[in-house]
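The form predicted alone is given below as one chain in structure tokens.
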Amino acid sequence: MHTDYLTFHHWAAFSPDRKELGEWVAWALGQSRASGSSGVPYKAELPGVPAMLRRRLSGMGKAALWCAGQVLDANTGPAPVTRIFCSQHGEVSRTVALLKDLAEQSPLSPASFSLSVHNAIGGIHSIAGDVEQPVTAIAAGPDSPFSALLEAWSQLKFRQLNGGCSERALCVIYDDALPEDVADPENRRGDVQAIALLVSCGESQQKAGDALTLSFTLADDPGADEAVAEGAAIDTLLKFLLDNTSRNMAFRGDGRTWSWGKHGGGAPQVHS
């Protein structure tokens, strides 16, 4: 198996129950599952997105763009050269509603149809931010979050081999619970609604605490001494990033296992 490296520079995560760094750290360590201090579910505010576009977004879409905005605002290094938007199911609620309209022979909403496609949220992000960099949309079943990171590594590695240095990619990963009309055979509903990660290819040269480097390998089966994480991949990833006591993690997806390890002095904290 070949081992590759990704360095994580900034992150942000969102759910109706939590969005602040302290809330996510407590959640990752199993110390609290409580919602925001007021007890009122969080809403993703997007003042930088024009109202006409903002009205078109679902709650999940707003969460995804909120996370992306937090990470981009925190970034003091080079701007991302590519952006990857990833969701296992995408806007499936819109798709189900369109299918019901078809079954009832009702006219379809052009707006709902255009927003049901898998690259819709990435498209709104690019329009709202005048983004000229490539935007990739990915769906890879239960492997989706890790496949997004692999896509980021692949694009950055290609650019690195062609002379690009110290370049970064923005990964935005998001999902909602499936509607009642759709069965969920994997039953891996996560707590995280959306997460954004700013990554670079290779090991970090920064001091501990400024970035966190992870190695990753992909195999058909886990190693004999690897404990395989259960639950949603998006939750597994964030908990691993935030838990400084955890140095290795494996996740079994759709017929393959992703093995991750932390590198560097101590256990540097990824920060937002």
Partner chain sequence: MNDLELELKQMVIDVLDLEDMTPDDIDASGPLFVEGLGLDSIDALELGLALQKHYGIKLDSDSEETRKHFASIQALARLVARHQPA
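Just so you know, these numbers come straight off a predicted model, no measurement behind them. Positions refer to the first chain, counted from 1.
What follows is about the form predicted in complex with the partner chain, which we do not show.
Under a 4.5 angstroms non-hydrogen atom cutoff, the partner chain in the predicted bound form has R56 among its neighbouring residues. In the predicted bound form, the partner chain lies within 4.5 Å of some heavy atom of A111. Among heavy atoms of G163, none comes within 4.5 Å of the partner chain in the predicted bound form. Proximity to the partner chain in the predicted bound form, taken as heavy atoms within 4.5 Å, picks out 103-111 from the listed stretches 192-200, 103-111, 142-150, 167-175.
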